[in-house]
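Shown here is one chain on its own, the form predicted on its own, set out as structure tokens.
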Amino acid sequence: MAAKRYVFITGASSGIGFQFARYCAQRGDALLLVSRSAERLQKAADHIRTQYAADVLTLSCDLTQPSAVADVMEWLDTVQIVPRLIIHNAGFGAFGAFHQLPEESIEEQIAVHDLFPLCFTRRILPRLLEAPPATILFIASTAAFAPVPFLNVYAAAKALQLHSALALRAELDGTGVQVSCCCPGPVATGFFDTAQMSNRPPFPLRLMDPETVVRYTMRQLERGKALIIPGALNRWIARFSQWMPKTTAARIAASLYRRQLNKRK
């Protein structure tokens, strides 16, 4: 009998992370779910166990804390599991003028998007290399392709995540460990509420359904795709953003987001 495959997912209690958990449970994977909110995480895990009879282990952990990598590694050592698919999904944005952002918000965005996923990957990677195949998926954003004023830190952190993921993929070529990066556009999750924005971005772009994003991402991941961008319009925007001078992209984004910021006041 084949060994059960464990999937490790951060930010798994809601939104895209929860949909990744549902998708993997439905196809028979066991789950290692991590989220900050213990209550919401328990509800998500109970739902998945009931719906799919899946093996689900959970850890409530604040990934912005310096001890997060050590805490997660200790948990994995305790349960004696090495995941075969790692999905770095946890994240949040803070909308506003940079000079008015609380310093804690800047630190926490960098920690959850960059420090935890990269440092955890560095710690777990030797174990993955000992027994491939394995896959690491980073969930970045189309914001990674250009500077985004008033979402300054979020976009910059996602850019670091994107470039680190693609660089690591090239480093690991031929090892049996695949690294991919997904860059969704706006998705109908709690992101905009958390960022204290309106319920959508300041441009006429339809919010994608999280389940649709996950289904597309997993299909592309199984095909070995390096860069995954759900949605044809999002793919066009990403290509256009890469072609456009960064200063021009920043000015356009500043104009759009400044209007939304003024509406909030």
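For clarity, every value in this text was computed on a predicted model and none was experimentally measured. Sequential numbering from 1, following the sequence displayed.
The next section is about a form of this same protein that is not shown, the form predicted together with a small molecule.
Interface membership of residue 45, defined by any non-hydrogen atom within 4.5 Å of the small molecule in the predicted complex, is ruled out.
Residue contact check for residue 212: none of its heavy atoms lie within 4.5 Å of the small molecule in the predicted complex.
Using a 4.5 angstroms threshold between heavy atoms, residue 221 stays clear of the small molecule in the predicted complex. Proximity of residue 117 to the small molecule in the predicted complex falls outside the 4.5 Å heavy atom cutoff. Out of the listed residues 40, 225, 49, 239, 40 is the one that sits within 4.5 Å of the small molecule in the predicted complex by at least one heavy atom.
The single contact residue among 57, 69, 54, 61, judged by any heavy atom lying within 4.5 Å of the small molecule in the predicted complex, is 61. Of the candidate stretches 71-79, 169-177, 128-136, 107-115, only 107-115 has residues with heavy atoms within 4.5 Å of the small molecule in the predicted complex.
If you check the small molecule in the predicted complex, you find no heavy atom from any of 32, 86 and 121 within 4.5 Å.
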